[in-house]
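For reference, the chain that follows is the form predicted on its own, supplied as structure tokens.
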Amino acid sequence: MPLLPEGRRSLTAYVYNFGPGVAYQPAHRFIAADIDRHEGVWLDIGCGPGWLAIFAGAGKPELDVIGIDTSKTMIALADENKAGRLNITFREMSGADIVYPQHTFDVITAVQTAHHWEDTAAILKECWRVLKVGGQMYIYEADAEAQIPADWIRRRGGWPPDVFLKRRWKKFGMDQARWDVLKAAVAASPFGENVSDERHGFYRRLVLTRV
């Protein structure tokens, strides 16, 4: 059944699902494999059309994966993409108001979404609250200056080329200055200095630990 339109945000969600949502599937698969959880509860913030959550939970009945997004259309698309997998759930929800009890999640991911956050401090505080002690949060943002591993992007007829991706990442990613602002926000959050600054593929990555 066709999804009801939501205006411009709905159109953006559809375009993303059939464009970047497809192109970034290999990257999301690599991220899921690198974190490599087989049990517990995983939260993906800004899940979009759901592919990271789907790859994280596929074939892992002891792992529950919950993806949240503020776009109703994105959630509907993610529900279609998950193809009935029972351990993967998508909910319309903001990262600044996570409707789960404290100490719920073993892992939280936020891939290519932090540059959209309007209240970074509130989101970090909420993530710290719902993480279990010893749990980790992974924040990924694309780096326009990074090399793109050949197998990290799904291309159709040579599209999207690297030059297009890097142009988009200058707008929808984080350069060093913006990354430093994010790191300062993390240091000021309940996570404090319990963070490592890493690289993974073409992403900058922060790994935050709740102690």
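Numbering starts at 1 and runs along the sequence shown. The shown structure was predicted, so the numbers you read here are calculated from the model rather than taken from an experiment.
Below, we turn to the form predicted in complex with a small molecule, even though it does not appear here.
*Asks:* Does Gly46 make contact with the small molecule in the predicted complex, using a 4.5 Å heavy atom cut-off?
*Replies:* Answer yes; at least one heavy atom of Gly46 falls within 4.5 Å of the small molecule in the predicted complex.
*Asks:* In the predicted complex, does Ile54 have a heavy atom within 4.5 Å of the small molecule?
*Replies:* Contact with the small molecule, no.
*Asks:* Would Tyr16 sit within 4.5 Å of the small molecule in the predicted complex, counting heavy atoms only?
*Replies:* Yes, Tyr16 sits close enough to the small molecule in the predicted complex that at least one of its heavy atoms falls within 4.5 Å.
*Asks:* Would Gln136 count as touching the small molecule in the predicted complex under a 4.5 Å heavy atom rule?
*Replies:* Answer no; every heavy atom of Gln136 is more than 4.5 Å from the small molecule in the predicted complex.
*Asks:* Using heavy atoms only and a 4.5 Å cut-off, determine which of Ser71, Thr104, Asn87, Asn81 is in contact with the small molecule in the predicted complex.
*Replies:* Spelling it out, the residue with a heavy atom inside the cut-off is Ser71.
*Asks:* Please determine whether each residue of Cys127, Arg129 and Asn194 possesses a non-hydrogen atom within 4.5 angstroms of the small molecule in the predicted complex.
*Replies:* No, the candidate spot makes no contact with the small molecule.
*Asks:* Counting only heavy atoms and a 4.5 Å cutoff, which of 150 to 158, 163 to 171, 62 to 70, 176 to 184 contacts the small molecule in the predicted complex?
*Replies:* Result of the contact check: 62 to 70.
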